[in-house]
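Listed next as structure tokens is one chain, alone, in the form predicted alone.
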């Protein structure tokens, strides 16, 4: 069995841990999802509980991310959607080959339409968190940039979804030609509370300069149990990138944004701490691998000494952004 090195308390709260990767080990029966990182694990999933995010780890190469259910976990499929669920949460995923569609936007529309259809029939209808990974996110120019095309397709696939009810989300680019759009999500029987960041314009209100369809996500979701699911957060103030080309200042601005988000969450629900602590899990997406040591040093000073940290080599959704951080905070 896996031996957790860090785990949230096993209550009605979400239970998530970073654990050592032991391929020969049997996953626990309460596993909602197990997420591996790096191309070494690509296309090597032992069963439908396992997802691979093929971004190379720069720190935490031996770790996997495990989402634990409460009690018995059931598995199933709905079209191309694979899922596992307990009585309160469902963790679902699908992967689409972009080559079957005219562009990444069309693939995103299909993926989100399937997600919407799945959620419409699920007893856990409330989206809490979505992750999106695809190749070369900032390739292309103007409205033909791949991230902008993705945003157009996502909006079409979501349909009439009130902006103020959108879940937290991350969209990150891989650097190899997998031709794979990967979408996975967490939903629940009880709705979460979308939160915005007082330092930032809501993404769904971005001006036209960022594309024909603004990104559709909340800056975070506060769950009914008081957990904070944090969207990909970067050095954006208002709607503009700050500190172009300066990793140190971008990291500082990103941490200011996270601090503001945590303070806002605490004001909304006092159960949510105002500062990073032993029940904070962070995942860093970093453009340049040579910056990993500095980023780890800065974050180690903000986290408990024994808290694991994942840093992944990846492309962020704006070419002038060098770093993005998401995570779970309780």
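Predicted model, so just to flag it, every value in this text is computed and none were measured. Numbering follows the first chain given and starts at 1.
There is another form of this protein, the form predicted in complex with a small molecule, and it is not shown here; the text below is about that form.
- Looking at the small molecule in the predicted bound form, residues 147, 170 and 324 each place a heavy atom within 4.5 Å of it.
- Only one of 229, 107, 115, 236 comes within 4.5 Å of the small molecule in the predicted bound form through a heavy atom, and that residue is 236.
- Residue 317 is the only one of 317, 314, 310, 16 with a heavy atom lying within 4.5 Å of the small molecule in the predicted bound form.
- Look at 211-219, 174-182, 247-255, 85-93: in the predicted bound form, residues with non-hydrogen atoms within 4.5 angstroms of the small molecule sit in 211-219.
- For residue 101, no non-hydrogen atom is located within 4.5 Å of the small molecule in the predicted bound form, even though that partner is not displayed.
- Proximity of residue 124 to the small molecule in the predicted bound form: non-hydrogen atoms within 4.5 Å are absent; the residue sits far from the partner.
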